[in-house]
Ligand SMILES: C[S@@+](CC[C@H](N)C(=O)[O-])C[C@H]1O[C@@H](n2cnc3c(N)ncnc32)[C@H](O)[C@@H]1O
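Just the one chain here, laid out as structure tokens, in the form predicted on its own.
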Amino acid sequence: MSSTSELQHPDLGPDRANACRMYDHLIGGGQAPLSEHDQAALKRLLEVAPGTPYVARDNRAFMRRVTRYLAETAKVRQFLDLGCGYPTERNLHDIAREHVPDARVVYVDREEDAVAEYLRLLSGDPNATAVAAAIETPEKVLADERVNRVIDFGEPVAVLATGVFPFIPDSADPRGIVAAYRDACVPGSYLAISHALTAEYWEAGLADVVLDLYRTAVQAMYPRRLEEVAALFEGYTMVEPGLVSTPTWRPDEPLAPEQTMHVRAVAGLGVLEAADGRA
């Protein structure tokens, strides 16, 4: 089991707001109790960027749509959810099991309270678990006996990382992190990522204000250019419609104007193919 010291992050602590708890409230979850720092940061965030809940909910909705596609259409039976956050209504395992009743799911997050909530929710479920670990250490995640008890890496696995890589700096080598998870998977496996874009894609001036708030009061964010996000899918073949604005990835219904007005984040799904081009 990972020690608390291994899960520590320079931007995490009692004197700062917590991005994981804030996200839970932005998507309407409400499972995470907010500290005074969380409440203050959320209040300021909604003052300067009132559209943030739409962006957060679009991200969560992408997770649900892509999970449904993976289970219903791609027939994937195993899921590794990196940076899962807190459980809320219709979690990944709930959606997958609507189409694959025996779907096997592992949730991973450095937020130990969120992992504890998943473990309580999944108590007695032999096909699902949650692990407290830093996703930036794929060698530890992939070697964890709890992960390997649920997931057989000799069979296709869907790796999901929705909204988590914007919190991983370039110095941690995000492409190398993704590649390590990719190399542990067999052909027919999938990678789903959603990621915040750099300032030129946002409303004028908004990115600087939001990023400064996260840097000083929450946890530093590292938005990336479209081509940098695309590079995370190295080794994968993109599934249609490719890497697109998050709400426009296979939407279930017509989009509201606020969902298409500005492209603050993108999402995509890739499939790992064999050398002969077959998944």
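Everything numeric here is computed off the predicted structure, so don't read it as measured data. Numbering starts at 1 and runs along the sequence shown.
As for the form predicted together with this ligand, it is not shown, yet the points below apply to it.
- Remark: of stretches 70-78, 126-134, 201-209, 143-151, the one touching this ligand in the model of the complex is 126-134 (heavy atom within 4.5 Å).
- Judged against this ligand in the model of the complex with a 4.5 angstroms heavy atom cut-off, the residues Ala32, Pro87 and Glu117 are out of contact without exception.
- When this ligand is considered in the model of the complex, Arg182 lies well away from it, no heavy atom lying within 4.5 Å.
- At least one heavy atom of Phe167 is located within 4.5 Å of this ligand in the model of the complex.
- Among heavy atoms of Gly188, none comes within 4.5 Å of this ligand in the model of the complex.
- The closest heavy atom approach of Pro174 to this ligand in the model of the complex falls outside 4.5 Å.
- Along 149-165, a non-hydrogen atom within 4.5 Å of this ligand in the model of the complex is carried by Thr162, Gly163, Val164, in order along the sequence.
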